[in-house]
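What follows are structure tokens for two forms of the same protein chain, given separately as structure 1 and structure 2.
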Structure 1
Amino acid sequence: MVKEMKKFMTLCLVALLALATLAAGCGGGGDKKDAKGDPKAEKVLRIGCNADFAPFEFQDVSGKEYQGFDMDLIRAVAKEMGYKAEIQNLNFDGLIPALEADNLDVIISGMTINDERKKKVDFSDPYYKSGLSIIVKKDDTSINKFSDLKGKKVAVQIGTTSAMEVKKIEGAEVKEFNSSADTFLELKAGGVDAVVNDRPVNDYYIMKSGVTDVRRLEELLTSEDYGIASSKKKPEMKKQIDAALKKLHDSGEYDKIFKKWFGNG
């Protein structure tokens, strides 16, 4: 009788284990995968940025939300890829190591595509072309390219690439200021003929301030392409990102995001 009872209890235990296994396999979200390939996790794209580079990435006044051109773009990219965007704020020099350690899936942080970084990560197709640009008064027709700055008064931010490059222009009178905002004020006051800053800084100023009496020249001095970085161990990620970027361009969504942060450029 005892042997029969033990046999019965064993069969019951096996049956319970089988039911538990079946229930686990049929649980909600079982077909979802995150970017690491975990079949039980929600589809999450782990995104790294350094939220200290307005207008590309920064935190709002509450310190809770990440905003900026990059942030809107990567959320749209993640949506196209079928992922939920999960953004992490890290020091810039820690972004690539975090990606290499598989703590991130992608990086978007105004990161310039260059040969040194390409040895460590895969970059998407360029999503933004940066470089130094000129702002002048709208009615000033004497300045249309960088070589026209010869003999002109030019405002730059001290210690920047802008300051270094404009000083190379023969005959240009360089006036250095502590901030980019001060360079714009000097142009408005008529103290200089032109302002030279990074293109996104100039575009953001024109868009946010609503000024209509200035114009940005199309020519760029130096040229830098920004890209979305992903791990070399996951080449499919780059393909998915590039496909998503193409869809955003084709649909006009990219242009909407660009206009939100930089105006018509």
Structure 2
Amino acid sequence: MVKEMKKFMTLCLVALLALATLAAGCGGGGDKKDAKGDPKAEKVLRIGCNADFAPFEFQDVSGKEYQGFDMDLIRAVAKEMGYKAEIQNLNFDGLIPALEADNLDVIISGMTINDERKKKVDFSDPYYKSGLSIIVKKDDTSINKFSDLKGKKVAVQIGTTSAMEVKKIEGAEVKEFNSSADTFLELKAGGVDAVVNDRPVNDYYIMKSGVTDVRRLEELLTSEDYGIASSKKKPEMKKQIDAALKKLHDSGEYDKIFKKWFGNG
């Protein structure tokens, strides 16, 4: 009887161990091996973005491929790091919470490095210089600079630096939208007087959308650096990203990707 019991216990232990190994393998992301513990299995980098921010991240007309400057850059970074890139599309204000919940390994989303976000995530070295600009209807001569937004209705994307900055302009009425596409639609529909968004995104919209009745104002409100975010709990990730970025700069790959999306400008 005692012998039987012992056998049973051993079996239980083996089963438990097998389960634990499986669970460890299925945890997803990071530098884990696959379920069989095969070290040669491809490691997956779970990348989050808000794919409504051309020319940085957007989906092609068929809605399948993610494309843009950030997408090319992060694919190259992942490759340098020895990961397979797996891109997910989330709301912009859901990206940092998803990273904190370990549902993502990194965020690349035209995300500006700032102190508030730095409390929650690690940022890579800056990879792109940006700033906020205004778009208005061409026939609206009453708005020529940021301070003119006083008393005006302004569309911004939720959770962005645009939303933070326009809220500081006294007397400006801020209307927040889930996507930057919606902010442009609102201006077109006459629901707002202006859109505030990152300059390259405003410029790309004017260039590509075929709209002829809007203009981008010269003044830039801020100077911002974009960074790739990773978890504070995995500081080695930031180091690997920075090393990969450096390699891409040194090899000329970064310049190639930059030229593809921004020409020489």
Ligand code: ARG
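Rigid core: the largest C-alpha set superposing within 1.5 Å between the two forms. Values in this document were obtained by computation on a predicted structure and should not be read as measured data. All residue numbers here follow the sequence of structure 1, with the first residue given the number 1.
Between the two displayed forms of this chain, it is structure 1 that matches the form predicted on its own. Neither of residue 231 and residue 169 shares a rigid part with the other in the motion between structures 1 and 2, based on the superposition that better accommodates each C-alpha. Each of the two rigid parts keeps its shape between structures 1 and 2, while the smaller one turns against the larger by 59°, per C-alpha superposition. If you overlay the core, the Cα of residue 208 moves by 7.5 Å between structures 1 and 2. Fit the two forms on the rigid core and the C-alpha of residue 222 turns out 2.6 Å off between structures 1 and 2.
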